[in-house]
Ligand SMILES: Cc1ncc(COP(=O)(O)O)c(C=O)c1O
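In the block that follows, a single chain appears as structure tokens, in the form predicted alone.
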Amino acid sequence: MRDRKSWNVPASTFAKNTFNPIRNIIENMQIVPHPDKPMIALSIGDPTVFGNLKPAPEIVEAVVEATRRGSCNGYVSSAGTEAARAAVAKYCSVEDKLELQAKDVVLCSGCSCALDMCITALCSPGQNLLVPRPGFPIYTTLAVGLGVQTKDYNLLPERSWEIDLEMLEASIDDQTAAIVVNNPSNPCGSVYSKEHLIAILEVAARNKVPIIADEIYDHFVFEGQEYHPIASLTEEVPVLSCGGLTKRFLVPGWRMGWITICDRGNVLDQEVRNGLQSLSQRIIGSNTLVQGALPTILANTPQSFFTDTLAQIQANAELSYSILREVPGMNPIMPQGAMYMMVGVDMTMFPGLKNDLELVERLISEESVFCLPGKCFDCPNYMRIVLTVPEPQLREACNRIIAFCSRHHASAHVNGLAHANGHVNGCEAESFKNVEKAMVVEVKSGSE
């Protein structure tokens, strides 16, 4: 029996090491919207939140039918039912390039759970994981909690956010356990070409490093772009691909994700397959009702549903890009897919604002428009906007961003001093007037 004089119940090392950068930043932000302007949240990565994007009736009916059958209410194999895993294998296979079977699939409670299992299966304390910058911060959250260091490799905005391959290869060392490749990208909206993906695979092959592919936005690409699962382009590099229903099927709350083990060289057979099976037993499997519906969802969701969803988001991307690129001090980068756009901010043009975080806070307090600061993605002087907003609200948000920028732009300060001295330089001011006039025309035409 231990002799304790008082209560002392510390949190575990794992809990104390677990840290979500994006939540920490948001929870410490001054989020106080303007009292007279309704909030427009361009920050939320949930495609269902505004109600304009809904799952196809076939998706909903499949779950209703699975519920009515009464056979999906109990425990199943922790990796998922044979039927559900076979359906995912068929969905993720690429004819003549990547043939998957049910044994290659582990079902998870959402894609975040899939990423967690992959990182845990491949990385040990003291090792490192290569992650993109800018990138989804959960990679770091999951790794650091395990005692695994993350090392960033840069994405290049001037190349539509392609990977800096030289930096990627230079970051690999003897302790590198895996490379995370996110395609299509959150937060950038980039979609990598086949040639670029092959170049990434060549780096991995030369250095014998496996890839964790975050492909939750699979096939979520705009017209003129093509999605290539990275595992379909290699016979050598082992790839653990993470996907799910969340984004493409517009059901994030259903928490259905998966891992596909793509390993034609059988590199992962010795330990990693068994490791993933063991890790799946920690949560005793994913939602069984959705598993019961999964074969029908993957086989019967009409292509028109995906086409219509993408058309709305691409139209929003083109609208916001066409408006914001005309705003002095703003540099949007046109996305190629996913649900987001990164907007570069030339902070030298806004001398009254210290950084992108203060800009976003002031945009909330003055205009009730909430974007995520680039700091959330380790990418200063940017902000990310979500493209799933209904078009009228997106137009209004862009209008408010223009008004905000016109007040805080360097020209406003210069012209204020010039007015005081009897001299006015109106070049930049005229630019804002032209943008505002264009917005008035856009808003009128959009309401007709």
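In case it trips you up, residue 1 is the first one in the sequence shown, and so on. Note that the structure is predicted; figures quoted are calculated from it, not measured.
There is another form of the same protein, the form predicted together with the ligand; it is not shown, and what comes next is about it.
Among the residues Leu372, Leu122, Cys92, Cys111, the one placing a heavy atom within 4.5 Å of the ligand in the model of the complex is Cys111. Note on contacts: among Tyr217, Phe350, Tyr192, Tyr153, the single residue with a heavy atom within 4.5 Å of the ligand in the model of the complex is Tyr217. In the model of the complex, Leu276 stays away from the ligand, with no heavy atom inside 4.5 Å. Among residues of the shown chain, Leu115 is one whose heavy atoms approach the ligand to within 4.5 Å in the model of the complex. Under a 4.5 angstroms non-hydrogen atom cutoff, the ligand in the model of the complex lacks Phe306 among its neighbouring residues. Within 4.5 Å of some heavy atom of the ligand in the model of the complex lies at least one heavy atom of Lys247. Contact annotation: the ligand lies within 4.5 Å of heavy atoms from the stretch 209-217 in the model of the complex, the single such stretch among 312-320, 341-349, 209-217, 195-203. Residues Phe136, Tyr139 of 127-158 are found to place at least one heavy atom within 4.5 Å of the ligand in the model of the complex.
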